[in-house]
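Given next, in structure tokens, is a single chain: the form predicted on its own.
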Amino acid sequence: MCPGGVVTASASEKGGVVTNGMSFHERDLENANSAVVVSINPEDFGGEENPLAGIEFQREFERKAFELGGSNYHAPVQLFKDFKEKRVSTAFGDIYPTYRPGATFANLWECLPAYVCESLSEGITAFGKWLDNYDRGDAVLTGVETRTSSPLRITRDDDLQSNVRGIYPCGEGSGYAGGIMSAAIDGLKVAEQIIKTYKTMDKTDK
């Protein structure tokens, strides 16, 4: 959850749209935004046979989002009430998207797997039972966030190093976290291991 935040453009390749979210220090902008994460398993994209299948799985939907947005790096957006009915929205309510360079009305069911869309609809509706207005009809869904965690993991040993000594894979990009908090915790674990490896600690150290 990013209170008073913005949805940001995070694509790393030509011809794809990837979103993420953030808040500035004051957290005082008009919208709150949050990602709703749906679990994906290796059998969903053939990852058991091809270790790079997860990356191509991401690219497929990033390219579809790019096309639905108008092939100009605008993000496809849809009001939640219309998402549930699988129809393209025609006008915003009280909430406007913050994504730059822009947003285009589209049917997000066309750029995500059906089982993901079904889970999103059920999840957002369920959250609305505990968080007032989370599932309001004019809430804006902005697609797609495909990089919540890496589909690949760089292996590391008991010392948290890769097979290239001195390299300590950690955080989301290397496959050891799935969010800000878990990435921070993994970073602390790696930092402690680096200190343990390269600096002898005793009671006189400050």
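Keep in mind that this is a model prediction, so the values were computed, not measured. All residue numbers refer to positions in the sequence shown, first residue = 1.
Omitted here: the form predicted in complex with a small molecule. The next part is about that form.
Based on heavy atom distances of at most 4.5 Å to the small molecule in the predicted complex, which listed stretch, 169-177, 36-44, 65-73, 154-162, is the contact stretch? Going by heavy atoms within 4.5 Å, the stretch is 169-177.
Test of understanding: in the predicted complex, would residue 21 fall inside 4.5 Å of the small molecule by heavy atoms? Contact check for residue 21: yes, within 4.5 Å of the small molecule in the predicted complex.
Under a 4.5 Å heavy atom criterion, is residue 183 part of the interface with the small molecule in the predicted complex? So residue 183 counts as contacting the small molecule.
Whether residue 197 contacts the small molecule in the predicted complex should be assessed with a 4.5 Å heavy atom distance threshold; does it? Residue 197: no contact with the small molecule in the predicted complex.
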